[in-house]
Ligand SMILES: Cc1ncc(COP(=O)(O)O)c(C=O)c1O
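Just the one chain here, the form predicted alone, laid out as structure tokens.
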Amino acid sequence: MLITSSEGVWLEAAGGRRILDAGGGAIVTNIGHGRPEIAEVAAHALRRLDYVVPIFATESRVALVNEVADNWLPDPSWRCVFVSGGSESVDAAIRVAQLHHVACGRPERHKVIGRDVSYHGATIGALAVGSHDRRRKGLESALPVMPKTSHYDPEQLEKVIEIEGPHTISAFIGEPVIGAAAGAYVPPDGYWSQISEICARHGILLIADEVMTGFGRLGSVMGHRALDFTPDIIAAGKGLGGGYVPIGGVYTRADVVEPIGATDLALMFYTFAGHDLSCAVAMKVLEILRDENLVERAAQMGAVLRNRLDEEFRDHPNVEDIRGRGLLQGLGLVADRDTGEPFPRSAAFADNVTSAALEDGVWVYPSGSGVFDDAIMFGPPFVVDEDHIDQMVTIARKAIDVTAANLT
């Protein structure tokens, strides 16, 4: 399908067909499509600078560091480095954790504990710490083996650390709310506080993968705030650029990176990391989020979306679970709600639901792996209104019904 333009919550395809972007693309778009002020900022930035090697400062880079540190991170003293996207941010966060321990005289701490349901990106390092079976398929032999723990039981982490040896673990990584691998799965109350305590007790750095949950998506400035914990390192992309530019970042306390700076260890940059144009646009995206109170709107419209999903699907025979926070909501899809029996993988149920919804003019984001094999997610722009929400939920219901009927 050829997309030719976009505005607000809408994509327009060749021929004039309009598509409601209920997935925010890949849970990316936050301030809405087609903002003319973004185009103006981008044009101004390109008239001033093109490529500047990442080791130099530019006005836009410095401004974005200050904006993120002052308004979005746990403390203004946190350090920032920008990359080109989410996978790179996770990859760099893993390297920061490893180099921190090497710089502190603990090179044996080389393992990163991931979770049994997770997705952290498409680089070799990110795939290694993740567990998305479909996205790892065919690459298993190329991936470093990293230990995994439960996505819902924090006590299992203690057992994994004991088996592996705490002296071998550099970091633990997890999404506050699990996105692509589980369709907006929210862990049980108290999960993250226990994980934080266990990591701190063993000197393990806690990496929050906020690529999907960061910058307002959950109705709070960052996802860890919504889940009431504070990580040591944050990897975040997507919402930072709002879909207008490719950009991500790694953010951490000063005491994590200062030991690295005191050595000859190098956290090598990516060529297009912190591109001046991307920084200028990201700065404007974050300014719009704050000036228009769009984080608060994400919380408000997230509640509207959740209520509408509850109304439509609380008793649906093919919806096992309704889950999520803010404007990241998901449906767990099964063949039989009463038994929890999944659809056969060969049915590609979530993908076919997405295709059916798209035929009716709504894009929802297919997701799921492992025990959450079929799910769809709703992550619309924060400027979404109640009529849009009603349309996306109504069409999703029809798509699920039609797709399920086609399998019988």
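Note that the structure is predicted; figures quoted are calculated from it, not measured. Just count from 1 along the sequence shown to find any residue number.
This protein has a second form, the form predicted in complex with this ligand, left out of what is shown; the following refers to that one.
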query = 75 to 83, 148 to 156, 224 to 232, 116 to 124: which one contacts this ligand in the model of the complex at 4.5 Å, heavy atom to heavy atom?
reply = 116 to 124
query = Does V211 reach this ligand in the model of the complex if we count a contact as any heavy atom within 4.5 Å?
reply = yes
inquiry  = Check S196 for me: does it contact this ligand in the model of the complex (non-hydrogen atoms, 4.5 angstroms)?
reply    = no
task = Answer for S87 alone: is it within 4.5 Å of this ligand in the model of the complex, judged on heavy atom distances?
result = yes
request  = Give a yes/no on whether K238 approaches this ligand to within 4.5 Å in the model of the complex, heavy atoms considered.
outcome  = yes
request  = Check each residue of 159 to 177 against this ligand in the model of the complex and list those with a heavy atom within 4.5 Å, in sequence order.
outcome  = E175
